[in-house]
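Okay, so here's just one chain, in C-alpha cells, the form predicted alone.
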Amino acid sequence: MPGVIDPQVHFRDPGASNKEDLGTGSRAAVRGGVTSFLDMPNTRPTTTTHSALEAKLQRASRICVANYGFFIGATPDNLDVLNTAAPVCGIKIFMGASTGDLLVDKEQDLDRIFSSGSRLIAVHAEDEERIQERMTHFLGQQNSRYPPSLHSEIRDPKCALIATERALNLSQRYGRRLHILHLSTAEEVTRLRQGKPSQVTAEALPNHLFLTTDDYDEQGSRVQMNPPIRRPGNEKALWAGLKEGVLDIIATDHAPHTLEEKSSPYPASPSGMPGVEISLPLMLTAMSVGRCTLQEILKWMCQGPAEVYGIPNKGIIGEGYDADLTLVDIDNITEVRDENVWSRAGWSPFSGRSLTGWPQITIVGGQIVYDHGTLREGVTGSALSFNQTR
C-alpha cells in the first residue's frame, strides 16, 4: 500500500530529545509504515521564526529516514513570518492548551492571522478561558490528590466546541483554509455535519477512536492528552464522521513523554502519548473486524493527508507518484509490548493489545529503509513540498 502520511507529530526536536528527536521519531514512523510526517512547532525554541524553521530543516536532512515537513507556529506578533517562512505545511494555532508565545486566544490576534495571507491554518481547538475557569473550579483544594480522569472533566466537550465554532466563524468570515486538528467530540461532529464549508477539513486520532475515559481506570495518566479522551459514545460519533466524510483524515498527534514524567501526580503529569508506529496496525485491525475498509484507510491515512496539505506525488500508488510504499502482512498478529516500541518514549497506551497487520517492509523514495524489523543504513528522507491552492 502507499506509505502512510502522518500529518501531526511532536518529535520534540529541538529541546526534549530525551523523549524523542527527529531521528528516533522518523525511525519509529517507518517501522509503522509511515513514510512522511508533519511536525509541530511547540519545540524549544519554538518554530516561530525563519531561523528556527531552517535549523529544523537542516537537522532533518541529516537524520530523518522518512520524508518531513514542518508547521510554522503562530504567536500574537509574528504575522510576517507566518506568511513568508518556507517550506511549511501550514500555520499552527494553539487556541488553548499551550503556554507562552504559542498561545493565541485573543480575538484580535486570531482575526489578524485569519484575515492576512492564504496559507492553511491548523487549529488546536480548545477554549483557553473555559479551561482556566474549570481548572480553578476543579483544582481549588490544597494538598489534594486528583485522579487523572479529572482531566477529561476540566477540558470538557464544551471547551472543544466553543473553540471549533470560533475557528469556523473566522474561516467563513475570511474564506480562509482551515484544518481542525484532533477533533474529539460527538458535539463537534454534529456541528460539522450541520454545515462544513468547502475550505474546512478535519481529522480524528486513533487515541479518540480506540480509547475512552474507561481506560483511565487501568492506565491513569498514560492516557492523559489534549484534547482529552472522551466518555464512551464519542468514539462512535467519530467513526460515523469518518465514514460520512465529515472528518477527512487520520493523524496520530504522536506526543511522547517518559513514563517517569507520566507517573507524576495529576495535574503535574504531562499530556500526550506516543502513537506514530502503531496507527496503521490499529486501523488494519479495525478493518479485520469490519469497522472500515482498506479503501477507507487509504483515503484517511495516505491520499487524504496529501490532498489536505497539498503534498504533490504522494499518497497513491501510480505512475508519476513517488515510490513511498509499505508492504503489510495482514495476517501478522502481534501483541503490542512496551519493550518493543521504537519510539524513544519506550511505551504505548495500546500495550497488551494484539493487532493484525504489521508493516514488514517500508520504502522511502524508492529505497528500502525498514525490512522485517531491521533499519537499513544510509537511507534518508526528503523535505516535502506543498501546493495549497484549493
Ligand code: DOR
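Residue indices: 1-based, along the sequence shown. Keep in mind the model is a prediction, meaning the values are calculated, not measured.
Same protein, other form: the form predicted in complex with the named molecule, not shown, and the subject of what follows.
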Would Ala255 count as touching the named molecule in the predicted bound form under a 4.5 Å heavy atom rule? yes
Find out whether any non-hydrogen atom of Ser98 is located within 4.5 angstroms of the named molecule in the predicted bound form, and reply yes or no. yes
Exercise: Ser271 in contact with the named molecule in the predicted bound form, heavy atom 4.5 Å: yes
Close approach of Phe114 to the named molecule in the predicted bound form, 4.5 Å, heavy atom: no
Using a 4.5 Å cut on heavy atoms, which of Ala202, Met225, Leu242, Ile311 is close to the named molecule in the predicted bound form? Met225
By the heavy atom within 4.5 Å rule, which residue out of Arg230, His179, Arg176, His182 makes contact with the named molecule in the predicted bound form? His182
The stretch from 129-137, 255-263, 76-84, 288-296 that lies within 4.5 Å of the named molecule in the predicted bound form, judged by heavy atoms, is 255-263
Counting only non-hydrogen atoms and a 4.5 Å cut-off, give the residues of 9-26 close to the named molecule in the predicted bound form. His10, Arg12
With a change of at least 3 Å, which way does the C-alpha separation between Gly100 and Asn78 go in the predicted bound form: closer or farther? farther
Tell me whether Pro14 and Gly100 end up closer or farther apart in the predicted bound form, going by their C-alpha atoms; the shift is 3 Å or more. closer
